[in-house]
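Before any questions on binding or motion, here is one chain by itself as structure tokens, the form predicted alone.
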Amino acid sequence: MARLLILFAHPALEKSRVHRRLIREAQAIEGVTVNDLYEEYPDFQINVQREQALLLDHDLIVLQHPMFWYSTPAILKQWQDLVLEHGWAYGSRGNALRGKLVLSLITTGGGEAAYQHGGFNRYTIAELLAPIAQTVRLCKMEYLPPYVIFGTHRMDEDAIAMAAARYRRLLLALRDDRIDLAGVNGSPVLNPAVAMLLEG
């Protein structure tokens, strides 16, 4: 059973209908650790040793956040800047995270069609997440295709419940190694693999 660490970043969780539901699902799953960065560090004073120890104790790291201005919420960038130290996470002697898996799990207010060439946002999700993907690779980890929950602004309660159920199934499948991760490399998003899992 893989150990999953969710690095969760949402600066206004009390206003979020979707992420509040998702995190409740994650907190109930054995083998999943939820690390709420805004809750843990309201002053942005990241405890580097604590965070590095959490990374070492887990096999797969999930970066969960809403898409904010085509990037991550600020605290996740602060976390990267401080925790992924040269000589520890990267560089000729920085091998602490070698071989770990990283997944971006994000929500977007806009629909999937908005995140395409010619769409409202002009760029694909993979292109917008390229800095994260390259950071992961620099740290000798493997970056999986992102899992994206599109169109959250228009979701009703039934749609949110369905998204939460899929999210739970995804976390369980990752924990129990029931997704062919080698087979999804190169895919723009992980969503089709999860859909196939749900159908199976």
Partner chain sequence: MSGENWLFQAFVYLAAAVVAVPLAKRFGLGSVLGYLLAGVAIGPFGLGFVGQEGEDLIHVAEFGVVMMLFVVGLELEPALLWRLRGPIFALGGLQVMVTAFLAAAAALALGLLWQEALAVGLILSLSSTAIVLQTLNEKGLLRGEGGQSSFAVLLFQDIAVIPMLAVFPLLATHGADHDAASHAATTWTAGMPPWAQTLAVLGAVAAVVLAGRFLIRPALSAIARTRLRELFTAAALLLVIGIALLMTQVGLSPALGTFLAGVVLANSEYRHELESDIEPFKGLLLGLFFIAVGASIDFALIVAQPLLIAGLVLAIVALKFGVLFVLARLFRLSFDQSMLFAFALPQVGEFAFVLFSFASQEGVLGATITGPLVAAVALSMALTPLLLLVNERLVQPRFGTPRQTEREPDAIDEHHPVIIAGFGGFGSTVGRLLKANGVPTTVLEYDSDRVDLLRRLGLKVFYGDASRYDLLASAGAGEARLLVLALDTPERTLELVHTARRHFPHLQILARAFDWGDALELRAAGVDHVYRESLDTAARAGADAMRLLGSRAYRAVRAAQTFVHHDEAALDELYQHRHDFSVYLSEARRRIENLERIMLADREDRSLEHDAGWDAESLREEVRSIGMSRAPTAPGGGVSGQDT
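Just so you know, these numbers come straight off a predicted model, no measurement behind them. Residue numbers count along the first chain shown, from 1.
The form predicted together with the partner chain exists for this protein as well; it is not shown, and the discussion that follows is about that form.
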Heavy atom within 4.5 Å of the partner chain in the predicted complex: which of 130, 82, 113, 96?
113
Within 4.5 Å, heavy atoms only, which of 57, 39, 30, 158 is in contact with the partner chain in the predicted complex?
39
Closest heavy atom of residue 121 to the partner chain in the predicted complex, within 4.5 Å or not?
yes
The partner chain contact at residue 170 in the predicted complex, heavy atom, 4.5 Å:
no
Is residue 14 a contact residue for the partner chain in the predicted complex, using a 4.5 Å heavy atom cut-off?
yes
4.5 angstroms heavy atom contact with the partner chain in the predicted complex for residue 166:
yes
Partner contact check in the predicted complex: of 46 to 54, 131 to 139, 170 to 178, 145 to 153, the stretch with a heavy atom within 4.5 Å of the partner chain is 145 to 153
For a quick check, can you give me the residues of 67 to 81 that have a heavy atom within 4.5 Å of the partner chain in the predicted complex?
68, 69, 70
